[in-house]
Every structure is written in structure tokens, then in C-alpha cells.
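Here you get one chain, nothing else, as C-alpha cells; it is the form predicted on its own.
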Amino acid sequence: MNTQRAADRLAEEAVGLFEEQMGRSPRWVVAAPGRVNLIGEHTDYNDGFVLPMAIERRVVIAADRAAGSALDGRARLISSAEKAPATIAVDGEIRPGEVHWSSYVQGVVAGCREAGLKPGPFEAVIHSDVPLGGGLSSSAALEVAVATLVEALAGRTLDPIAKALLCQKAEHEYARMPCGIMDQFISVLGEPDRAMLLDCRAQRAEMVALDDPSVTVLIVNSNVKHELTGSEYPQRRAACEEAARILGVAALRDATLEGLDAARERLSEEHYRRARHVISEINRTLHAAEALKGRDWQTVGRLMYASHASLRDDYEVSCEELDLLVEIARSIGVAGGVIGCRMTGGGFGGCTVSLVESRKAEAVREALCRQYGEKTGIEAAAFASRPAQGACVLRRA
């Protein structure tokens, strides 16, 4: 199925679910994409650079103003991925509470109200084909879709960067996840056939052409998400902040590998390796963006493999299944159509991202999934994607 037909079908399904649940047609339908990060992992909260692209997988919300007064001051949410509906506040004092899937929505609505956008009571159905827990930013896609809906309901739009930052703040305060700015920025600002080189300190985005029809991006979901304590991400962020303090810089973006080596005796082994990943990954990301501009695919591929090795060995956020997928990709090699491959997302499971020759993409997909299944007994899921459009309104009252 081509991607536009898939997007249209997802929107039609959302409309159908709304009509089934609410007994009327929605007046608004909005969408926001997930993302895959080509390179630049765990650099965003270190004031570094990242190179994501929006993917052709989306969160779609179909909505209408609430009928009658039953939802006075509230909104009713139905998610096709959740068993029970949820209710959130849209008026009065709104505060963070116990984390729930609806917390992402509540946080965005609260932020929009602070920015002067008042949606009023509404009913919404949320429908998505962004894989959950796969490192493709389903949470940011939901947040940005909600902000786009509130804009439509309120009849007023936010500055795009303010919108992205509002969504990030919602995730910090209401979902209690101290994420960087990358996911929300690319979901808001993504463009077809463009990746985004994002300077996370300056909050400045440069769109980089990724429009060569001879190459495509292949995303493989390991369908593994290892159970963790929940402290791994905050621990790594804290380790980076401590390393920056010891190095005497505002953030690891300001450090160099030479300075890191000179200070090695003052750093624990953990702090040294975490910092080495971040500093080298920022360098790789900048080089990859230049290589992308010049269509130097060999260099992009080499940098992707180096990124994975650093995430595996220095940052320690990979896992056996992700390592295996990268090893299989490397074994297929350039001759088989694989230019480069790495894990993407927070780690400990989720997805790999590969740059592949378009004419061999299906053969690569089949080989990766087959060999992975033979060696793990786990069925992977894979899809190709071009860089996609950011958040948009599909239907307006």
C-alpha cells in the first residue's frame, strides 16, 4: 500500500471510530508523525545536534466539541490502543497527577491554556500506526497532535517552536519524562524529503535534503522492550551533567575529546565513557549532515555503524537483539543493499534504522526479518519510509 493511501486509511478509521463511539461525525481531524533519528542519539539533552526525520506513521485525532453539558469543563478521550476511555480537565486549575496515558494529553491542554488557547470541552478519538515502545516517538506524536487539535478548536495557532517546547514541557511535567527537544521539534516541523539537523542549544532547525530516490530508510522493530527500573534514562542524563561539571563546561556540547582525555583521571570510568559517547556522537552527527548534503552515502553508513558501536559500548543502551539486527545488516553489506545501520531511540529494545538502496529495500527487509527470527524466535516488524510531513489539520469545521 502506498504511503498516502495508508495515511488516508488511518484517518478514515479514526473518523469511523469517532462516529461509532459518538454517534456523529467529527468536525476536526488532525495528524502528527512519529520520527526516526538517523544519527545523534542521547545528544539532545546535552545541547548537541541531532538528525531526525518525520516518518510516514502518524497519530490521528478525530474530534468535535462536546455535545450538551455532560462534559462541562472536561474532555473525553478514547484511544484505539487503550481499553478504557479517559477524562481530562480543560477548564479551572489543572495540575499534574498520577501518570496515565491521558497525562500526555492533559499536559498539552494545560500548556495550551497557559498560552491563551482555550479549547473548551471536547470529545476525541485517538488512533495511531506509530509502533508503541519502539523508539519512534509515539508520545511526542500524540502530544503534537493534541496541540494541533487545540489550535484548531481555539481558532488560533502557536509559533511552531513554541508549540514544540510546550509539548516537551508537558512530557516533563505530566509524564515525568525528562526528554530533550528533538521528538517534538521534528513532529511539528518535519517536511517531505527533508531530514532535520537540529541545534538543540540554539533551538534552530536546518532542513537537509534526503530526496535521492536511489536510497531509502528502513526501520526494523525488534519487538523487544526490556523491562528496566525506569531510572536508566535519568541516570545517564545525570552522568552527563556531572561529567560536564567536572570538565568545567556548560554542557558536553562544549567539550572536546582532547579535553576529555586530559581530565580522565578526575572522571569515573562511567562518566568518562558516557561523555565520550556524547562528544563523539555530536561530531558524527555534524559530519553525517554534511555527507547527506553531498549524497556521500558511504560516509553516512560508516558514521551510522560507529554510532551504534558507541551506544553499545560507551553509553550502554543497546541490547542483544538490537546488536544482532545491526550485525545482520552489516553481513548483508553494501553488495546486498545496506549502506549503514544503527539502533535508534532511547535503547534497551525498539528499532534499528538502516539506510538502504531503494531497489534492494524489499530484499533487505526480508533478509533482516528472516535471519533475526531464525536466531531469536522473535518476529520483527519492518517498514520503509520517506521523510514525511509534520503536524497538520486534515479536516476542519
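Bear in mind that the values here come from a model prediction, so they are computed numbers and not experimental data. Position 1 is the first residue in the sequence shown; the rest follow in order.
The same protein has a further form, the form predicted in complex with adenosine-5'-diphosphate, not shown here; the description that follows concerns it.
- Partner proximity in the predicted bound form, defined as non-hydrogen atoms within 4.5 angstroms of adenosine-5'-diphosphate, places exactly one of 278 to 286, 75 to 83, 205 to 213, 311 to 319 at the interface: 75 to 83.
- Scanning Gly107, Gly135, Gly301, Gly190 against adenosine-5'-diphosphate in the predicted bound form with a 4.5 Å heavy atom cut-off leaves one residue, Gly135.
- Of the listed positions (Leu142, Ala164, Leu325, Ala243), a single one reaches within 4.5 angstroms of adenosine-5'-diphosphate by any non-hydrogen atom in the predicted bound form, namely Leu142.
- Using a 4.5 angstroms limit between non-hydrogen atoms, Ile88 is distant from adenosine-5'-diphosphate in the predicted bound form.
- Taking the partner from elsewhere, Glu171 is found to have a heavy atom lying within 4.5 Å of adenosine-5'-diphosphate in the predicted bound form.
- Put simply, Cys112 is far from adenosine-5'-diphosphate in the predicted bound form: not one heavy atom of it is within 4.5 Å.
- Remark: Leu292 does not count among the residues lining adenosine-5'-diphosphate in the predicted bound form, judged by a heavy atom distance of 4.5 Å or less.
- Taking a 4.5 Å heavy atom cutoff to adenosine-5'-diphosphate in the predicted bound form, the contacting residues in 116 to 132 are Ile126, Ser128, Pro131, Leu132.
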